[in-house]
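Just one chain follows, in the form predicted alone, and it is written as structure tokens.
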Amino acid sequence: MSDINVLREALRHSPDNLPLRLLFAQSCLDDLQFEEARESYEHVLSLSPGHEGACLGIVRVLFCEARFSEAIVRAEALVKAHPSFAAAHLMLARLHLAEGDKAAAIDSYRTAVKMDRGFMDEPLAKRLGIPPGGQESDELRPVAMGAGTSGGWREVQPGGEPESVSDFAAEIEKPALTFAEVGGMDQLKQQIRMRILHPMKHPELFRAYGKSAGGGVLLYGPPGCGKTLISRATAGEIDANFFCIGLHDILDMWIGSSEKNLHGVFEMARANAPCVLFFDEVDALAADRKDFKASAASRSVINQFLAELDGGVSNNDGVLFLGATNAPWHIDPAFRRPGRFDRTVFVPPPDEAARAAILRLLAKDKPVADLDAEDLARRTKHFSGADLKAVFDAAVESVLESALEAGRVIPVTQKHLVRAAKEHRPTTQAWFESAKNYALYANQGGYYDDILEYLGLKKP
């Protein structure tokens, strides 16, 4: 039985399985079975209206059928609804080129690549007259959105650098994720509601008491326990813009550029308030300056970060700063001053009830039979959310081998999951071995008491 027939048979047993339906539609498209591909994409849209992947899939079907005008209308509607969807902009570039509108094609291609350089397509760029690497032959270079700029392309002299307040470009997200879709973490969610959500939802009430909405919260704990996930859900709870900032967005080899990028990040956040500005692995940008005595450039970036958190001449009202780190002991103490990352929240591995909730979420929309989430939760003590996903992935992979041989869907059972859990070791243990030493011997002011309580070394 061919792969596409295996997928067709699987859908007969699980017709509303969206990932399976999308995989089947793509296989049909690859096999030039356009009508069946479109039917599957439309089935996805009937279950999940506005689904980005399904909308783009229909555009690709129309493109393959040379129905360019209809495809352009749909693609333009898609980028209007999802302006940060880089793949849709790239598809629109192909469509404009097919219709002979080279200028519009270049504009769409630039937009896609500016959002994600992974969408660079050298054959397409060559057809558009863009040399390898993306630099325009007429000496045009991209200028990313930053303070005081609207983004776009600006002329520079050969060998020169574009004059912009910031070379930072960020994708504005509007997370649909809420706390209801994050398994467990009930105590953490309550802390976030009291410390973050209520001030953002009722700013007038808090302003009456001299409190402003916004501020900084530092999330710390072992890797894989949901710090990034809970940050996205926090933005989703208050329907706020979300910016996820990584090191590659800030650090630059040129002196002074990193500080400009950092300023651009904060200016963009202020211009799009209310918003959540999330710094992943924040210890890399907020490291203790005693560790950087030989690097004036690193100290300058840290000082700029502190000044931006304080607001300087700008107003940070309505901007929530969230930082996530696995190593809070490496963060400069100045960042914990009131008004900066002054509120610290420990994100431990999920407890038994939370693990059961996470397991049920992981089992959703998968062919899983006789799941006993409570029993599996008891067997996975100290497992992080990422560990539990690894258990599910291992169990699914073991079943997929049999399913491919049999040519039909074989459900994942409790037995498969228990076996996978036995073969997996929790990744949180190594972190606690290191954290324990800091909590016992470098715990000035009780900063790491939560770690000691979790390990049973200190009474709550």
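All residue numbers are counted from 1 along the displayed sequence. Values in this document were obtained by computation on a predicted structure and should not be read as measured data.
The protein also exists as the form predicted together with adenosine-5'-triphosphate (ATP); that form is not presented, and the subsequent description refers to it.
Using a 4.5 Å cut-off to adenosine-5'-triphosphate (ATP) in the model of the complex, not one of 203, 240 and 318 places a heavy atom inside that distance. The candidate stretches are 260-268, 93-101, 328-336, 223-231, and the one lying within 4.5 Å of adenosine-5'-triphosphate (ATP) in the model of the complex by heavy atoms is 223-231. Within 4.5 Å of some heavy atom of adenosine-5'-triphosphate (ATP) in the model of the complex lies at least one heavy atom of residue 389. Although the partner is absent here, residue 342 lies well away from adenosine-5'-triphosphate (ATP) in the model of the complex, with no heavy atom inside 4.5 Å. In the model of the complex, at least one heavy atom of residue 280 sits within 4.5 Å of a heavy atom of adenosine-5'-triphosphate (ATP). adenosine-5'-triphosphate (ATP) is not drawn, but in the model of the complex it has no heavy atom within 4.5 Å of residue 365. The partner is absent here, but in the model of the complex a heavy atom of 358, alone among 358, 71, 301, 376, sits within 4.5 Å of adenosine-5'-triphosphate (ATP).
Proximity to adenosine-5'-triphosphate (ATP) in the model of the complex, defined as a heavy atom within 4.5 Å, singles out one entry of 250, 112, 185, 235, which is 185.
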